[in-house]
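Let's start with one chain on its own, the form predicted on its own, as structure tokens.
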Amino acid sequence: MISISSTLPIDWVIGVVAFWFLIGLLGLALQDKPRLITALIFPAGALAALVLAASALVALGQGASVATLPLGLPDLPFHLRLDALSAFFLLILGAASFGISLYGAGYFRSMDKATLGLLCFEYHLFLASMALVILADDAYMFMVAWETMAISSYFLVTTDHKIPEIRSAGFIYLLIAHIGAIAILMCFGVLEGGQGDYTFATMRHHALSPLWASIAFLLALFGFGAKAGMLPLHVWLPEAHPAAPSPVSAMMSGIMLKTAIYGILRVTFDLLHTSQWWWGILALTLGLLTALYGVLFATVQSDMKRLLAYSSIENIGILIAGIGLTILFHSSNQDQVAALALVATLYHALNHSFFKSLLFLTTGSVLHSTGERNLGKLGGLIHKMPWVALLALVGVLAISGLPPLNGFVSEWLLLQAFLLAPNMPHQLYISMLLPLGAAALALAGALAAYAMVKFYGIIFLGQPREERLAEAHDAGPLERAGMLWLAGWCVILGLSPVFFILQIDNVAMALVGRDLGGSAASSGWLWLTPVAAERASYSPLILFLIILAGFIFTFLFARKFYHGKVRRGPAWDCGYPAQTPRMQDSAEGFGQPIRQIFEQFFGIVREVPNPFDTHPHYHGETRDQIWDLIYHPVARLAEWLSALIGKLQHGRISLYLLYSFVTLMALLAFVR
């Protein structure tokens, strides 16, 4: 008999994956009983996610464990491995999906029962496939899980498939996902090296030449970058996230994008035995360009979910830049700073899974309550939706990198890695590039804060811009519970970073051979010291207490000296007593300064009325020029080639026989 104490974490993880698959099937079978699905299956899936997170946390401090499943092709079973890297990303999956599934239990209550049963199956299949991607220890299982993840998420994105725009968004997503999957498959082909064994265990022991190692890295960066939303492969993200139901958007942005980050780390630091400095420069440059590109477009969006989608592109750029910095330092034998860059990257991945999931869920509540995604038709919802407004405030403060919340910790650590970079031997221009990278990171952080002020201010502050907003209502208990879970971790990760960094150190030790344990906690749990106390240190708890004391002092001061003397009245109207909500700053107006500064960068389309228009109308739109530069020419080339090839089809058997004859002769000439 197997006792609980003797069960390994990998057994628990496999059990959770099987459980998710089974309850997904159960949801499909119970589609005529939607109340059971929302009241029983989604909460059960959430509890399983909690078990997964606990198992992963235990596994972080243990050695690698492996398992073989009697599934797959003959003589090709599925191989699984739970080590520090996979445990960390499973921790992200379990912790974030617990809050999202709780929220989903409330959010999906109003869904049509036939759609709900199918969505329940796809949702839990999506969760199980993501866990298997992270657990896979051979290329065959990895690709099966990767494709299952792509297909299940495609069906989730196209839940409202009767809308043409949503079908189009799903097609773009699936197309780029499969282009990326082909590159990943080719990468595994290179890593296998002609040995005929596609297990990761064999790849770890097979050394490639520098040329083939570089080819494998480039294929991995392209393939996983397509899934992550790296420039210029990001175009699916702003289309798919607004199309999907909000809990699905939260799952895709908060968790699924991290599987791509996991893939880059797995290939670069585990399956390849070598790294070259120019890999780091390439990843660093692409990451910073992606971050700046994403955040610039986030500042000018009028759709709240598109704004968050572009913000995800920015954060993915930060993560890829952190990976590039790690590669650069690791290849130069600067492993102490490489460990710092890697810990900062992983901490940011953890943070992003919480605050971005939280923000997508708050937009879900706003959308559910008002039926509106356009920022220009919202406003003043803080009075109707105080819970959602408060939790959204936590999310925007965290994603803006303001202390003492979690976003500040990871961005500060990454900035320290830039600033504390040692002298790079033989590559003087790299020493010049790193300060530029730090400046780009700081600029991205400032623009992200700008975008979040717009996001929060336009939705929740001011006056309602539409009369029907008077009927808006706050989120239900389950939605609040899910959002509270995510917001709580934004606070906890911000106030006690040392504890979590000591856990992440296990991953850094496994990948780059160094950790921060000796320095990060050298001044005790109260102070975070990236390298040494005399260089830089930060105490979030003390900072939080100072901020709290400031609020309390201000409150008591005002209460003592102005108690009973405060007169409440209408706000000063600047001499314009007939103000209406239309006079408030709009989403377009808020982004106007950025649009003006970077006008040459954006593809701006304007419709401006002339003086004789009886019904003047103004319309402005900011387009992603990557479409015109890359995707539209490729699409036209594909159409032209298709038309050219189509001319071969005449419907005459004699011509088809001639084609076969010519092909046969050509093959014979080739093999003679």
Partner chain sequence: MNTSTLSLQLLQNMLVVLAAPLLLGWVNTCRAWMQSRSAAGIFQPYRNLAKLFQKDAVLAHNASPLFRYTPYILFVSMWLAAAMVPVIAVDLPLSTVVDVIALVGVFALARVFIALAAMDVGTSFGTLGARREMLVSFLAEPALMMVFFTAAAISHSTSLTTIVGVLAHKEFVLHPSLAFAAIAFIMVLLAENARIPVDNPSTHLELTMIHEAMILEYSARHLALIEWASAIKLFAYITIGFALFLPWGIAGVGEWNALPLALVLLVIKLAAAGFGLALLESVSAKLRIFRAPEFLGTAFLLAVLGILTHFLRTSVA
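Positions refer to the first chain, counted from 1. All of these numbers come straight from a predicted model, not from anything done at the bench.
Note that the form predicted in complex with the partner chain isn't included here; everything after this is about it.
Taking the partner from the other structure, the partner chain in the predicted complex has no heavy atom within 4.5 Å of any heavy atom of Glu599. Of the heavy atoms in Gly513, none are within 4.5 Å of the partner chain in the predicted complex.
Not displayed here, the partner chain is kept clear of Pro164 by more than 4.5 Å at the level of heavy atoms in the predicted complex.
In the predicted complex, the partner chain lies within 4.5 Å of some heavy atom of Ile458. In plain terms, the part of the chain that comes close to the partner chain in the predicted complex, with a heavy atom within 4.5 Å, is 543-551 out of 477-485, 258-266, 543-551, 210-218. Checking Leu175, Val491, Leu185, Met583 against the partner chain in the predicted complex, a heavy atom within 4.5 Å turns up for just one residue: Met583.
None of Trp527, Phe171, Tyr140, Trp278 but one reaches within 4.5 angstroms of the partner chain in the predicted complex through a heavy atom, and that residue is Trp527. Although the partner chain is not shown here, in the predicted complex the stretch 462-491 places heavy atoms of Gly462, Gln463 within 4.5 Å of it, in sequence order.
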